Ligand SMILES: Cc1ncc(COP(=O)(O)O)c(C=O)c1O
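Below you will find one chain, with nothing else, as structure tokens; this is the form predicted alone, and questions on how it binds or moves follow later.
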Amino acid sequence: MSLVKYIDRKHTNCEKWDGLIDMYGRDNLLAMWVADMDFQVPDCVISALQTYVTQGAFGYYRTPDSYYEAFINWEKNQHGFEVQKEWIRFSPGVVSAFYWIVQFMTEPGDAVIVTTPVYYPFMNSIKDNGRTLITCDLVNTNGTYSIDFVDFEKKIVENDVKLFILCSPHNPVGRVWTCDELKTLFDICRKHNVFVISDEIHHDLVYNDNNHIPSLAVGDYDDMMIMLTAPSKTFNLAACQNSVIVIPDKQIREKWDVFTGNLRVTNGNSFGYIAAEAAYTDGHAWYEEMKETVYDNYRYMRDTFVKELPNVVVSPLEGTYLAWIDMRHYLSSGEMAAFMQDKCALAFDYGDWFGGEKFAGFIRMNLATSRANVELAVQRIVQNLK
């Protein structure tokens, strides 16, 4: 029997399905946008939460050592990375975390660089905090993306960049960066005194022979880096609001502690800790099946487009459960929203959200849903374009 079960999330106050009117002005769209899953969480998570709810008292919660041990063991077993308990801090989400770090590691007006196209809250965190956004476009070679290290360093020097927000694996293009790529990036940052936020929330979602390398495991970069991750993408626990911040350097931890202490946000809610501990401890079999389900959805989508619409360019899915799809041969940037929403009744994240008009001919498609939904979305695009 399958461990991974699709659930209909409509009318459950689900942002992805019940937020369509607010986002797109209509509620009859097939939701393929927000980066969360339509899969029920592992049974071990449900059981752990049910046990907690049954005891019926929800007062102040003391985070148990077993929570830290569960995360530490997961990182060691999945990624070969030895995390120390004293390095671990809490944030309600990785977005909150990089907003905070931008504030306490830079000054107003400082330049912060990202590699575009990229998860749009990166750019929002820079602009919202009164910092200067610097973008370095990834190099697109027939849908496979790489880093222009020369341009990256040039922009750092020209703009006196103070901070770099890295997405690893990269959302939306699906790249899993190699050790050499990461080392080159970090050596450039070291050379020019650029601090690094490494957002690794998708780090468990890698496929085939690709291997995620935690940024803190690449070399001796502890004094210039904070790593962010969470069980939310891996196990569909975003509503539990429990992210893991890894800070090996004592002085940087002290900065984090002062900043979050002044916010009075140093611990999460009990439900988040209990869910995360259960998932990291007993959710591995579910996790492996979930990855197979996602990659099978990707293969169907990719192969159908190759056969039916050969000029659609689908980026290779090395990591994440998000497909980056180049529709520029068939649709102009001005046609995209009307075609997808009005003709196909589909809701996607549009390319321009990830770095401006130059990416407007792309869509990002969430593959962490049922095969039926993926087939329906792909066939609507095929039929309407043909």
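Because the structure is a prediction, the values reported are computed rather than measured. In this text, residue numbers run from 1 along the sequence as written.
One more form of this protein exists, namely the form predicted together with the ligand; it is left out here, but the text below deals with it.
Visitor: Answer for Phe164 alone: is it within 4.5 Å of the ligand in the predicted complex, judged on heavy atom distances?
Guide: It does not: once the ligand is placed as it appears in the predicted complex, Phe164 has no heavy atom within 4.5 Å of it.
Visitor: Answer with yes or no whether Leu205 is in contact with the ligand in the predicted complex, where contact means some heavy atom within 4.5 Å.
Guide: No, Leu205 is distant from the partner.
Visitor: Hey, in the predicted complex, does Tyr119 get a heavy atom within 4.5 angstroms of the ligand?
Guide: Tyr119: yes, in contact with the ligand in the predicted complex.
Visitor: Going by a heavy atom distance of 4.5 Å, is Ser198 a contact of the ligand in the predicted complex?
Guide: Judged by the heavy-atom cut-off of 4.5 Å, Ser198 is well away from the ligand in the predicted complex.
Visitor: Looking at Pro316, Gly93, Gly268, Pro214 here, can you tell me which has any non-hydrogen atom within 4.5 angstroms of the ligand in the predicted complex?
Guide: Only one option qualifies, and that one is Gly93.
Visitor: State the residue from Asn236, Ser125, Asn297, Asn171 whose non-hydrogen atoms include one within 4.5 Å of the ligand in the predicted complex.
Guide: Contact with the ligand in the predicted complex is made by Asn171 alone.
Visitor: Pick from 278 to 286, 146 to 154, 93 to 101, 78 to 86: which stretch has a heavy atom within 4.5 Å of the ligand in the predicted complex?
Guide: One stretch meets the cut-off, namely 93 to 101.
Visitor: Going by heavy atoms, what in 31 to 57 lies within 4.5 angstroms of the ligand in the predicted complex?
Guide: The stretch 31 to 57, when checked against the ligand in the predicted complex, contributes only Ala35 at the 4.5 Å heavy-atom cut-off.
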